[in-house]
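Subsequent text provides structure tokens for two forms of one protein chain, presented individually as structure 1 and structure 2.
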Structure 1
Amino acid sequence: MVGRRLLTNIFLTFLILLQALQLDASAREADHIAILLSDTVKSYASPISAFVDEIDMEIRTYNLHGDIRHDPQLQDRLLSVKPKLIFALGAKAAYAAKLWTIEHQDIPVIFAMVYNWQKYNLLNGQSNMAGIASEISPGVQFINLTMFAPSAKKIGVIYSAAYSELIVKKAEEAAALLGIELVERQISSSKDFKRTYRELIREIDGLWILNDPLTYTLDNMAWVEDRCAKDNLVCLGQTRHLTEVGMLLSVLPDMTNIGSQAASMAKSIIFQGESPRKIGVMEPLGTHVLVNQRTAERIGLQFSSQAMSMATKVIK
């Protein structure tokens, strides 16, 4: 009788230990972060590397390969074991993460590298979304502009109210502090951009290019990149490509810093219980300043040594 009771106790103890081990294994399995990519893009490598280096957790990577319909089972695989957080890179990944967590808002999402993130209404109806903007604040952009082209005092901007009204309002304040007059023109169609530019050049000595979906189109940018130089305008953009193909100056985020910044936000959310909604969308920390020396010479502009010391890359 004693032997049977002993065996029973041993068996029960074994079951309890087995259950505990299963629960612990399940907890460990769930203790990971999902990185969701819009596509296989080289520019994602730097922020991902910085993020992974600073997060002491398992990382599982998922890729939309450019289309949310490319892999119909991807959502189920990502959510089959609930991640502690989703780090979404690119507009498609950010939007997919929003859709996939509508019914799972206990899963935090941090998005980054989404140009004009307001366009996608990523925060609407969501309490689990936070992010890092892909545009440097207007004030920082204008400070750099005054360093490289101090004579540019009247800066034009063409934008759509639906997508860029808030950033233009912020820009008005920043420009006023720096003694810059912002000459604004609204458009309601991308086809209005060229006509509006032709009207605007009579009043300005510089143009600020926004990542606005109605202005920033392939056709408009291919057209304006050459027109700026022909019209002797100091043109300021927010992407590497614009400066590489001929625009004078671009001020853009440091991609490595974006990964580190996202890691810091993730730690605050996971380990300190910070609310994604409270964090909201942060401005990127750190900048890259690209200048095109050829364009400067073409429009008769000479950079000071102080300005050149601020340039991250000079295109010659």
Structure 2
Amino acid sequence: MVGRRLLTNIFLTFLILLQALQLDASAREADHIAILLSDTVKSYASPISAFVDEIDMEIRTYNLHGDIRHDPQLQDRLLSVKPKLIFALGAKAAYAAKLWTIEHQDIPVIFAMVYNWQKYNLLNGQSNMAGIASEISPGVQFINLTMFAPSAKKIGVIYSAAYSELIVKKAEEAAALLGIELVERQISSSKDFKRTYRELIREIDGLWILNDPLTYTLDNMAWVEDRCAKDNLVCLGQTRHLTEVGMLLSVLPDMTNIGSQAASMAKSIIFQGESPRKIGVMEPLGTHVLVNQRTAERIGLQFSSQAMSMATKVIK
């Protein structure tokens, strides 16, 4: 009798332990983050690597391979075990993450590497979306400009209202903070760029080149990269190429740091209960600063030793 009761107790204890182990296993199974990629893109490697390094959780990676319809089962696989968060890289991944979580807004999403994220309406109707923009804020660009060319006080900007009105508004605030005067000119056709530049040149010490489709055309850039130096103008761009071919300065997002920043945001959401909506879309905080020393010499500008130590890359 006693022996049977003992056996029953042992059996029950075993069952409880087994159940506990299973529960623990399923809990652990659920404790993962899904990384959703738009495609296999080389530039995603460094943010992913930084993200994974800083997040102490299981990571499962899913790839759209350039087409949201490429694998019809992908959404089900991703959602079959609810991830703690989705880190979406690229516009297609961000959009897919938005669509797939419309009915699952308890799954937070952080997106990154989405150019012009506003045009995808990623935040509309979603309370679970946060992100990191792909463009460096005008303020950070101007701060760097003041360090490398402190005498440049009047900065011109040629832009189209349709594409760049918001960023120019933001730039006005940043310029005021730094004691810079922003001289603005709107254009409605890319052909107006050169004429507007010639008109503007008399009023400015520097030119801020926007990634605006009406100004940033191959023809306009090939023309202006040479004109800036000829006109002794401090030209500030946002691409590596512009500085390599002759513009003075470019301030770009630090791609690795985008991964670290996303990891910090993810930790706040997962472990501290921060709401993605409250975080919203942040600007990338890490920067790469490229300066062209040849151009500096050509326009008679001498960098201070302190400024030189701030450049990530000096083109000689």
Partner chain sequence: MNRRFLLATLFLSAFFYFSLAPTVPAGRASHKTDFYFYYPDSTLTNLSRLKYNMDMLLREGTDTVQFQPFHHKVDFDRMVKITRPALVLLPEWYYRSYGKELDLTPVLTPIRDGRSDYTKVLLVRKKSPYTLDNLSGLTIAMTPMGPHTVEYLNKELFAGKNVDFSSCHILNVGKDADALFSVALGQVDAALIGTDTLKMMSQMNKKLTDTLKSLSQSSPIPLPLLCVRRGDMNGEDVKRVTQHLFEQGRHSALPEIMEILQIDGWQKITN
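This is a predicted model, so every value here is computed, not measured. By convention here, residues take numbers in order along the sequence of structure 1, the first being 1.
- Source of structure 2: the form predicted in complex with its partner chain.
- The rigid parts of the chain swing between structures 1 and 2, and the hinge residue from 74, 285, 186, 39 is 285.
- Put simply, the small part of the chain turns as a rigid block by 22° against the big part between structures 1 and 2, using C-alpha fits.
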